[in-house]
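To begin, one chain is listed below as structure tokens, in the form predicted alone.
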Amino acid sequence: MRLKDKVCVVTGGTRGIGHAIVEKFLEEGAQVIFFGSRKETVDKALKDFQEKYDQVEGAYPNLMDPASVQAEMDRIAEKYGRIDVLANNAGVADDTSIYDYDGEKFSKILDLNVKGVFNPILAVVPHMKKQGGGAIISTSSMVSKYGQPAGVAYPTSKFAVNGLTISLARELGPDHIRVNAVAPGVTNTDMMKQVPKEMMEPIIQKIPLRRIGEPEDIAKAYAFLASDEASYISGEILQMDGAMLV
């Protein structure tokens, strides 16, 4: 119960890693408000969570609209009296060849993966400062260290997430707000489950731990960084890729 009585907001919480983060936070005793992109997906995930937990609700503000995000954060802070943790998990991957890119697609990915992280941070930090501190954790990626052979917008966005994390850790430290990121490697999400076994095996052989990550692995790191056990950790990009060799 490391997060007992903490109020936690999780973006991108309806499936995959985000769903696992919400479930882990609930297991650790937190009050969780998770965001999704659409009412239908939020309602579906909420029904799943409420089978085991009471202290959870869902919302679907437009992460691209600062006013929409601010209004939701203000509502949460007014209802619960504080916001202790922001877990920024919303984002989109991409593997488009540079020869098939256009400016609109590049901007769309950057908007969701960077502005979709920045806007919730912008909305939550006044509340965290007023209450005397908090924790912000964002989902980066192993590609923020290694890059990838196609889909350049995605690693570009994750390099930006790292920059936000490290810079804001320095700026917000005096306000007792910790800022960290988790950088998953190959993880067993719905997308990866569709990859044929013959394609997965060579990937696994490049991972010294000889397995891909599970969403629950990433969620455990989030729970640690959100907890008081990580009270002196800030500005960290936590690599979680099984020491993958690229």
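Since this is a predicted model, take the numbers as computed values, not measurements. Residue numbers run from 1 along the displayed sequence.
One more form of this protein should be noted, the form predicted together with ligand NAD, which is absent from this view; the next part is about it.
Residues with any non-hydrogen atom within 4.5 angstroms of ligand NAD in the predicted complex fall in just one of 88 to 96, 162 to 170, 127 to 135, 69 to 77: 88 to 96.
When ligand NAD is considered in the predicted complex, Val195 lies well away from it, no heavy atom lying within 4.5 Å. When ligand NAD is considered in the predicted complex, Leu63 lines it closely, a heavy atom lying within 4.5 Å.
Although the partner is absent here, Gly58 sits far enough away that none of its heavy atoms falls within 4.5 Å of ligand NAD in the predicted complex.
With a 4.5 Å cutoff on heavy atoms, Ile17 counts as touching ligand NAD in the predicted complex. Within 4.5 Å of ligand NAD in the predicted complex, a heavy atom is found for not a single one of Phe25, Gln31 and Pro120. Using a 4.5 Å cut-off on any heavy atom, the residues of 119 to 143 that reach ligand NAD in the predicted complex are, in sequence order, Thr139, Ser140, Ser141.
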